[in-house]
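The data below hold one chain only, encoded as structure tokens and taken in the form predicted on its own.
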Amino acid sequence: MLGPSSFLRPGPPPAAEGFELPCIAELGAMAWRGFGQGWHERNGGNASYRLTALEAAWVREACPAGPWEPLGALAPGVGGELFLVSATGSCFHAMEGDLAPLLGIVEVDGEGLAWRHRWGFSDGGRPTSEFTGHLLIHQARMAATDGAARVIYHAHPTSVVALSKLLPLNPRTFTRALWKAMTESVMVFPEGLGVVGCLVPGSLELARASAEQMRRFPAVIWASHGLLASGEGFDDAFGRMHAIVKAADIHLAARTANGGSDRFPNELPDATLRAIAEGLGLQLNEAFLGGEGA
């Protein structure tokens, strides 16, 4: 039977042909590796990266600007920023050759009301249908991290979607389940995880609900849909996604072996979670500690 490892390809990550900006190849590599994990069926998933000031200046100098197009929502916190973003309908399994048809760089106007093309989308494509959501989420993560967060990565991991069928759709329940799945979880998301109920993909309702959660959490689970992870760089975002997915895998495997029950004989107690965090100098979200099963 084919598993995620069946999709992994040997050799180096893809390169951005004909363009010198390293972040293009880096986003392509993240997407390509995510497909290798089995997280991206067909055209499922999307990603974006906020360019640094130096990268943005280089693009403005090297790439002509297209006409302005409305965003459909106000995002003043990202006004004037440039973003590398996956194209609508792009398949992440194709991120191993020429990336220009699959990715593009767009500029947001100073008020956060419109965008225009700068590079990429070479076959006439456009930013992902969830691009407005990405901008609102970037705005939230910039505020939460003093501008450090630059990457937003969305995927459809099987175990995370499956877990959203089983657990109550609230941040505390999900966070505790995954913190207690393995010791590394508190290291990767000590703030906890956000959760958004099942909403229409690409809708402003989903975008705004996700941005609200991302003001407090570095990752958000979309019920019956997937997972959204942020990071300061591509490795950070991919690593956060990977750790959350592995914790969900472990929780589901243990639950299956335990006859379907989530009451495990050898559960990680809250005291151990606190000790791990204290040993690493991390501050756990106290709202998610204590209570039943502590």
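This is a predicted model, so every value here is computed, not measured. From 1 onward, residues are counted along the sequence shown.
The form predicted together with a small molecule exists for this protein as well; it is not shown, and the discussion that follows is about that form.
Peer 1: Are 89, 154 and 201 jointly within 4.5 Å of the small molecule in the predicted bound form, each by at least one heavy atom?
Peer 2: Yes, because 89, 154 and 201 each have a heavy atom that approaches the small molecule to within 4.5 Å in the predicted bound form.
Peer 1: Using a 4.5 Å heavy atom cut-off, indicate which stretch of 161-169, 190-198, 174-182, 127-135 touches the small molecule in the predicted bound form.
Peer 2: Result for this chain: 127-135.
Peer 1: Which listed residue (233, 239, 44, 66) meets the criterion of a heavy atom within 4.5 Å of the small molecule in the predicted bound form?
Peer 2: In short, 44.
Peer 1: Among the candidate residues 217, 121, 83, 222, which is the single one with a non-hydrogen atom no more than 4.5 Å from the small molecule in the predicted bound form?
Peer 2: For this set of options, the contacting one is 222.
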